[in-house]
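The chain below stands alone, shown as structure tokens; this is the form predicted on its own.
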Amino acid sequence: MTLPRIAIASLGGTISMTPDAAAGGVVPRLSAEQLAASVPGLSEVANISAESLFQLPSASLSFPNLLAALAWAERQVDAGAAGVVLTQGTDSIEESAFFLDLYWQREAPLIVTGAMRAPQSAGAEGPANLLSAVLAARSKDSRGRGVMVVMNDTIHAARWVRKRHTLTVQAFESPETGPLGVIVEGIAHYFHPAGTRPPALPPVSGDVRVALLETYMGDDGQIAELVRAAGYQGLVIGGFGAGHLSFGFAERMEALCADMPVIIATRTGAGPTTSATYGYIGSEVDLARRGAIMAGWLCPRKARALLWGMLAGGIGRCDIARAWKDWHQNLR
């Protein structure tokens, strides 16, 4: 039987870290080839090609890094790979997977995985996660589902996955929808058929700066004014509850929205922003009237990734509201 070819690239992260006495802790060091070689039975389920693209902790990954990884993944599929696996640190997996999904248009799956425990730790789960990621990448049932995160034998959609714990190996959840599927006895099992996906964002034509702020009790919006003064092209705010701000912050909204698109998300960790429930000053109705755009189901971090992609793709400030609505309408 001919095994499918799966391409693996390492971006760094805990899964690749080893101790460094001078640094006082673990640092990313292992190559993609070393990671693949550490997984028992991996060569029995796929023909593996492995390459190290970066050696970075995930907090230092950037959108340009991810665009480079995306281009590499596209080349692998175009050259015949049945699927692609990226390994990286878990701190930013929910953002990076979502960002990649905004652009990934191949039918072949792109799987992102990592580890919560470094390789030398007791119970290190990196090899198991990498094996599960490869099993998902090689499955025909994974086709047409875009970018997915595979951790702890569980398959999550990039759109919904969140890191919900700092340390446990069960750190990843999809709080709104539950996982897409699971890996059982070496097979990827999905609970639902693949749905339709939004079209890809326009190709990136330039870099932009999009700020992310979280509001708090007593916040009058002065920091947001500093963001505008610093020349940022966009702003995402993690608001109270279903997307709310204080009276003082709300009074600044017209001026902010006149200079840049402002997205209001919720800081709560689950649930959407609303659009027609509350009408007081600083409510979602009031903020939308002043020019803000409600994030819907997107968390602040993913809302920032989407806004960055739209602006960097050349969608003008005045067209962001329509593009935002169209993107959400195409999401199933």
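This structure is a prediction, so every number in the text was calculated from the model and none was measured. Residue positions are given as counts along the sequence shown, with the first one as 1.
Absent from the display: the form predicted together with a small molecule. The rest refers to it.
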| item | value |
| --- | --- |
| Segment that reaches the small molecule in the predicted bound form - one of 176-184, 85-93, 225-233, 131-139, heavy atoms within 4.5 Å | 85-93 |
| Position in contact with the small molecule when the complex is considered in the predicted bound form, options Ala115, Leu245, Met253, Ala97, heavy atoms within 4.5 Å | Ala115 |
| Contacting member of Ser52, Ser283, Ser58, Ser49, with respect to the small molecule in the predicted bound form [4.5 Å, heavy atom] | Ser58 |
| Whether Arg5, Ala7 and Gly146 all lie within 4.5 angstroms of the small molecule in the predicted bound form by heavy atom | no |
| The small molecule contact at Leu311 in the predicted bound form, heavy atom, 4.5 Å | no |
| Any non-hydrogen atom of Lys163 within 4.5 angstroms of the small molecule in the predicted bound form | yes |
